[in-house]
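Take a look at this single chain, the form predicted on its own, given in structure tokens.
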């Protein structure tokens, strides 16, 4: 009789291990995105300087993910809260974490103004193309024709507009010292490199850094694992192109 070896999952050192397993739904992309962020924090050795702010929505379940100072803000207000902390304590590394609703809907004005002012902080936004915590309604990022709780016949862009291209917008209004990229939970090594560059840009004092990460919500998408992965890798990337849009004096990621 043989005894099976149970491997302990490898977690970022910056994660707060007693809060794991996390509270996100099975298959949710937030865990993967936050692992990429945690790995980036570890590799840069900045855990003792990080302040992590998270938004209302599914992203609020990340409030206890890291062993660092953290704050959970009002919906859409994570960016200005972290801006205030950064201005008061510029030596800190301030990270604002949110979903597409918190960044592109109720928080859009804050994202636009922080980017145009070139605030020296890092914003990470998870894009799962719908409002996850409240039941899967249509969001600014819902794809054309996408069926949601509030677009049961598919999103009509003539009536509701096209999906928001956040990184493209941020890249257009920020100066050359900003870092802007779109990654995906389907490519964690690439996403981790983007997170590192975004954080390093803040460490160097260059200015605003923004990373959108394509994410999954199989619960509200009502998809099995195979279809969920196909939607992230093939359908979302048709509209949301993965790559770096603005890199200060650095080689771009494809």
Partner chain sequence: MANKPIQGEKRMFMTGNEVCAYAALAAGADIMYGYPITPQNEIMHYWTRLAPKYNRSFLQTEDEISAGFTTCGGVLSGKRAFTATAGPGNTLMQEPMSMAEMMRIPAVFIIQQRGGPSTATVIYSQQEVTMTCYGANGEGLRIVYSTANHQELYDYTIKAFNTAWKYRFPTFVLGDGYQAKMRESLTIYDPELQGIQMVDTYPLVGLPGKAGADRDPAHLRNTYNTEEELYEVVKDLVTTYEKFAPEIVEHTTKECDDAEVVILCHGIVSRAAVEAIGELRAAGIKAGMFRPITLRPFPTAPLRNVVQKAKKLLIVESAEGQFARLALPSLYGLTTPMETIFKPGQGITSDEIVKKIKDMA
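Positions refer to the first chain, counted from 1. Source: prediction; values computed, not measured.
Below: the form predicted together with the partner chain, not depicted.
- Contact with the partner chain in the predicted bound form, defined as a heavy atom within 4.5 Å, is made by all three of 64, 74 and 117.
- Mapping the unseen interface onto this chain, residue 160 falls outside it, with no heavy atom inside 4.5 Å of the partner chain in the predicted bound form.
- The shortest heavy atom separation between residue 110 and the partner chain in the predicted bound form is within 4.5 Å.
- Proximity of residue 80 to the partner chain in the predicted bound form falls within the 4.5 Å heavy atom cutoff.
- Though the partner is left out of this view, residue 92 does reach within 4.5 Å of the partner chain in the predicted bound form, counting heavy atoms only.
- Only one of 196 to 204, 27 to 35, 46 to 54, 216 to 224 places residue heavy atoms within 4.5 angstroms of the partner chain in the predicted bound form, namely 46 to 54.
- Residue 85 is the only one of 143, 165, 171, 85 with a heavy atom lying within 4.5 Å of the partner chain in the predicted bound form.
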